[in-house]
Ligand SMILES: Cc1ncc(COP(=O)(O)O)c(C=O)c1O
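First, one chain by itself in structure tokens, the form predicted alone.
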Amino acid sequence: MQAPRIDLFEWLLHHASTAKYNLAYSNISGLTVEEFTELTSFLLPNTFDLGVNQQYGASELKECLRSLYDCTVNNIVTTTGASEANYLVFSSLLSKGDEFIVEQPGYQPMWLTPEMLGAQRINWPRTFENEFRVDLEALKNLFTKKTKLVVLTNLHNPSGVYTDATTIKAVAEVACDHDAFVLVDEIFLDGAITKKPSSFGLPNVLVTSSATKIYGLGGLHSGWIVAPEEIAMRCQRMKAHTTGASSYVSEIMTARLLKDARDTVMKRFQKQATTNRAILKKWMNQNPDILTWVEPEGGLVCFPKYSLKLPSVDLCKHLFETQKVLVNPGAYFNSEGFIRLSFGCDSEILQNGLEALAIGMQNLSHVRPM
């Protein structure tokens, strides 16, 4: 088995360090140690044993998650970020020759990873014309006897569109009719403009998430799966073949933040995201000839469309090389004619970056529209 290239990751790794205006990262600015300590009053005691771990996850974190998801600890598998969480789900539910249905445009690992495991991808379009909404009628026609899993993100990555609970339930019911499960990656859900419920609780729905995007704890890299007990057990067994046990220090620090300061940190996120979303919306309204968008319903990313007759990778290379603006090519989300633009950065960087992006796009205005 060979691991496929994840273009998005390599693009970021090669360009982020030299970008003047990084509008590509999808996380809020991280908490400092000082901020974390002020919020939680937590410090590791001098006698703390750094050799300790808990194979089935720190009990402190699992207890926090049990309360947040109204479940039992047996429904929870803690992971090293959402990437491991999704990998454990894919490797536990899919075998070679199985089919999985996945939203498009979408986040590359959500189809590259199961394809690497030998499963076959069935694309489920979410179109710009339909404001990237879930299309239930289209979904119904995609199932076969080989379908084992439906994969989506909520908030949608890359557009930031929210899928309501009624729609998720309808998706789950269609999947249930075909003996399939539904995976909902909720890593951006706590960043919705108004508080939204998790999709966990339906008998064939699994959710994954982490504290890396909204909570400013990307360096701790704590994630989790919440799933029906039988599936959680499968994922826990599979974890013995990946990290075995996640970082105990990271998990107890994540637990303290969720327990003592979750609401405060969410307000921190919303303050920055609301300010930046307003800056971005004003710029979008002033520049409809450059980009058109479906306004996100939270989170930190959007997926605007451009009319230039130019592949998205070439466009993004031009913006980087001429303006030092870093945005992500739509091709890396399987949709040409788009870019993924993030707005979790400092507000001044966002404003200046948008102005530089406009200059870079206008310099290409001689290219005929598609």
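Because the structure is predicted, anything quoted here is derived from the model rather than measured. Residue positions are given as counts along the sequence shown, with the first one as 1.
We do not show the form predicted together with the named molecule, though everything after this point is about it.
Taking heavy atoms only, is Phe188 within 4.5 angstroms of the named molecule in the predicted complex?
Looking in the predicted complex, residue contacts with the named molecule include Phe188, since a heavy atom lies within 4.5 Å.
Considering only heavy atoms, tell me if Gly81 and the named molecule come within 4.5 Å of each other in the predicted complex.
Flag for Gly81 set to yes.
Looking at the partner-bound form in the predicted complex, is Tyr215 within 4.5 Å of the named molecule by any heavy atom?
It does not: once the named molecule is placed as it appears in the predicted complex, Tyr215 has no heavy atom within 4.5 Å of it.
Can any non-hydrogen atom of Ser246 be found within 4.5 angstroms of the named molecule in the predicted complex?
Ser246 lies outside the contact set for the named molecule.
Heavy atoms, 4.5 Å, the named molecule in the predicted complex: which of 255-263, 226-234, 205-213, 137-145 makes the cut? Say which one.
Of the options given, it is 205-213.
At 4.5 angstroms, heavy atoms only, are Asn86, Thr153 and Asn157 all close to the named molecule in the predicted complex?
Each of the three qualifies.
Exactly one residue in Gln323, Asn334, Ser312, Ser26 has a non-hydrogen atom within 4.5 Å of the named molecule in the predicted complex; which is it?
By the 4.5 Å heavy-atom cutoff, the listed residue in contact is Ser26.
Only one of Arg277, Lys196, His221, Arg268 gets a heavy atom within 4.5 Å of the named molecule in the predicted complex. Which one?
Of Arg277, Lys196, His221, Arg268, the residue with a heavy atom within 4.5 Å of the named molecule in the predicted complex is His221.
Could you pull out the residues of 104-138 that have any heavy atom within 4.5 Å of the named molecule in the predicted complex?
Sequence-ordered list has one entry, Tyr107.
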